[in-house]
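Take a look at this single chain in structure tokens; it is the form predicted on its own.
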Amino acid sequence: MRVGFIGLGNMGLGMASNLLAKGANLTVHNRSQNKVDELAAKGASRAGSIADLTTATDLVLICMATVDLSNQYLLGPDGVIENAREGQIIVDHATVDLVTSRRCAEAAAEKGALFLDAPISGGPLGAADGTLAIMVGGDEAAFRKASPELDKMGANVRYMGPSGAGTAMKLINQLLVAVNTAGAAEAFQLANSAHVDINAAAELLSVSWGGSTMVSRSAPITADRSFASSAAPIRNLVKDIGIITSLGKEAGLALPLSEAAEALINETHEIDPDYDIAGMLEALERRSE
């Protein structure tokens, strides 16, 4: 199978590198060429445009940072779907809203192509290590065909159901990331106030009911206050929590914890959009002054 990958950012570069290292017949495209050069030096083919990549491959994987970019690259003029052909499989790894995923699936179907919404979790380290969780919605037969390539990038690849189910699962995950990170920041603020060592607290919490992945992740970052220039910046969570709370309002759902986390996330974003998500501690400290 000829595989194409578009978007070599914090996540995409690691994902594409794993595909290449594990034997994929890979063609890549990216706006900045230095990352294309890096993969080309390891054996990947270059595509000068989205159209070139789409017409040259059987499976197109795309990983963009924003909903607008996903729409542009997938649905825009001379984008992936405009150049798609019958039987081709298109996979979107971005975190987007349900409307975007379903619109892409419908547009692909009009071309006879198959679309999978397959957002990812695990951060840049998981992308580099090939240990991502990949949650997939769409045609199950297309999922089975794409699975050997998805398995090269993820340790936990799961089919979640029809179109939109992968995106919905990622939003569920991000709701918990937002709420748990906010909770960890609040707990660590209390720890600082009570002169409890944060790393020691996290170690004990890891074997207590109060522990969570986000507590374990945030503890060393918070203890060192190494919030700046993160590979998991708060600006990404601003996008995700905004999608979640909007979806809740549209569906008439009460999401009070998400809304409280959203306020804290937005305050952290105002401090520095590139702050690590654990930097919510600093927003809490400013509230407490």
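All residue numbers are counted from 1 along the displayed sequence. Owing to the predicted nature of the structure, the values given are computational and were not obtained by experimental measurement.
We do not show the form predicted in complex with a further copy of the same chain, though everything after this point is about it.
Chemist: Taking 85, 89 and 144 as a possible spot, do all three reach a further copy of the same chain in the predicted bound form with a heavy atom inside 4.5 Å?
Modeler: Contact check failed for every one of 85, 89 and 144.
Chemist: Just one of 76-84, 146-154, 106-114, 210-218 has heavy atoms within 4.5 Å of a further copy of the same chain in the predicted bound form; which?
Modeler: Heavy-atom contact with the partner occurs in 210-218.
Chemist: Using 4.5 Å between non-hydrogen atoms, is residue 176 touching a further copy of the same chain in the predicted bound form?
Modeler: Contact check for residue 176: yes, within 4.5 Å of a further copy of the same chain in the predicted bound form.
Chemist: Report whether the minimum heavy atom distance between residue 140 and a further copy of the same chain in the predicted bound form is within 4.5 Å.
Modeler: Residue 140: no, not in contact with a further copy of the same chain in the predicted bound form.
Chemist: Consider residue 51 of the chain shown here, and say whether it contacts a further copy of the same chain in the predicted bound form, taking contact as heavy atoms within 4.5 Å.
Modeler: Answer no; every heavy atom of residue 51 is more than 4.5 Å from a further copy of the same chain in the predicted bound form.
Chemist: Does at least one non-hydrogen atom of residue 2 fall within 4.5 angstroms of a further copy of the same chain in the predicted bound form?
Modeler: Answer no; every heavy atom of residue 2 is more than 4.5 Å from a further copy of the same chain in the predicted bound form.
Chemist: I need to confirm a contact call. Of 26, 261, 39, 59, which residue comes within 4.5 Å of a further copy of the same chain in the predicted bound form, counting heavy atoms only?
Modeler: Only one listed residue qualifies here, and that residue is 261.
Chemist: Tell me, which of 255, 65, 47, 238 has a heavy atom within 4.5 angstroms of a further copy of the same chain in the predicted bound form?
Modeler: That would be 255.
Chemist: Can you list, in sequence order, the residues from 144-169 that come within 4.5 Å of a further copy of the same chain in the predicted bound form, counting heavy atoms only?
Modeler: If the 4.5 Å heavy-atom criterion is applied to a further copy of the same chain in the predicted bound form, 144-169 yields 156, 158, 160, 162, 165, 168, 169.
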